[in-house]
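Just the one chain here, the form predicted on its own, laid out as structure tokens.
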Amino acid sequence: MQKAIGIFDSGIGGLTVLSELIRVLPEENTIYLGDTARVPYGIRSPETVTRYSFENTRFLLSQEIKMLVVACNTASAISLDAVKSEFPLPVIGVLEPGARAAAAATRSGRIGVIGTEATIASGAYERAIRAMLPRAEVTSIACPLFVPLAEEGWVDNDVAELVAGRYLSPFRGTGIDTLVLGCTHYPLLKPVISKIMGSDITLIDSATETAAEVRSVLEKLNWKKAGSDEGVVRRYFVTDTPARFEKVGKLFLGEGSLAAEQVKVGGA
């Protein structure tokens, strides 16, 4: 088997990144690790998140990957640089591609960011956006209930619209013209978020931007999978029982079946 792209997340949300990778690089082999036994990462210390990231990376390296995608906003915000320094392979996170796209898309320089409480509290998106666009005015709002709504499949009903309306109302009057979906679960709620924000607001999907960056890096390195008759390999690993991952994962990937293998990673 030709080497795969490795992807890890604290749980299920990173499947939106995998979905985009499959869309833009359908011929590539992929290996996904969901650290479901230790989710959420957002309540952990930076030292613990970094240790988890190292353990996840070591496991994926044991599976013969050629590139690593850190498909978790918390891990990208806290441990990405450490992972890049520690391991000898290309590593891409989800935060910088989204920040770069927002800086390029905005016309007014006023950008909104939504994410989990941990990601918003870290200020990582604001720093990344201002590093690329110093004049940017960034307004950030935590939307923690979007994660359970996405995992429940409640993405286009009255409950989702009510919650989105409540969370997003502080953006009124800020003049933002661009909104970063700073959590890998949030793309599932894109239609209702767009409905609340209005069609004149550009939504930045970090999953889409990350997949585009992966493709660009593979092309620059000339590492895209060569044609062969062996087919495409997609493997899924989790650190807790697979049942919920397999059930909810279908909502993220739109696949009829999703078989995952439980593994022990570090102290999981």
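We number the residues from 1 along the sequence you see. Between two forms, the rigid core is the largest collection of C-alphas that superpose within 1.5 Å. Bear in mind that the values here come from a model prediction, so they are computed numbers and not experimental data.
Omitted here: the form predicted in complex with D-glutamic acid (DGL). The next part is about that form.
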Taking the shortest heavy atom distance, is S140 within 4.5 Å of D-glutamic acid (DGL) in the predicted complex? no
Could you confirm whether P40 comes within 4.5 Å of D-glutamic acid (DGL) in the predicted complex, counting heavy atoms only? yes
With the partner left out here, check for me: in the predicted complex, does some heavy atom of S79 sit within 4.5 Å of D-glutamic acid (DGL)? no
Non-hydrogen atom contact T106 with D-glutamic acid (DGL) in the predicted complex at 4.5 angstroms: no
Candidate from L188, I129, L95, C183 lying within 4.5 Å of D-glutamic acid (DGL) in the predicted complex - any heavy atom: C183
Flag this candidate site as yes only if S53, T57 and T239 all have a heavy atom within 4.5 Å of D-glutamic acid (DGL) in the predicted complex; otherwise mark no. no
Which of 23-31, 197-205, 65-73, 212-220 has heavy atoms within 4.5 Å of D-glutamic acid (DGL) in the predicted complex? 65-73
Given a 4.5 Å distance limit between heavy atoms, list every residue of 106-124 close to D-glutamic acid (DGL) in the predicted complex, or none if there are none. T116, T119
Is L221 displaced by at least 2 Å at its C-alpha between the shown form and the other one when the rigid core is overlaid? no
Superposing on the rigid core, I want to see if K66 changes position between the shown form and the other one - specifically a Cα shift of 2 Å or more. no
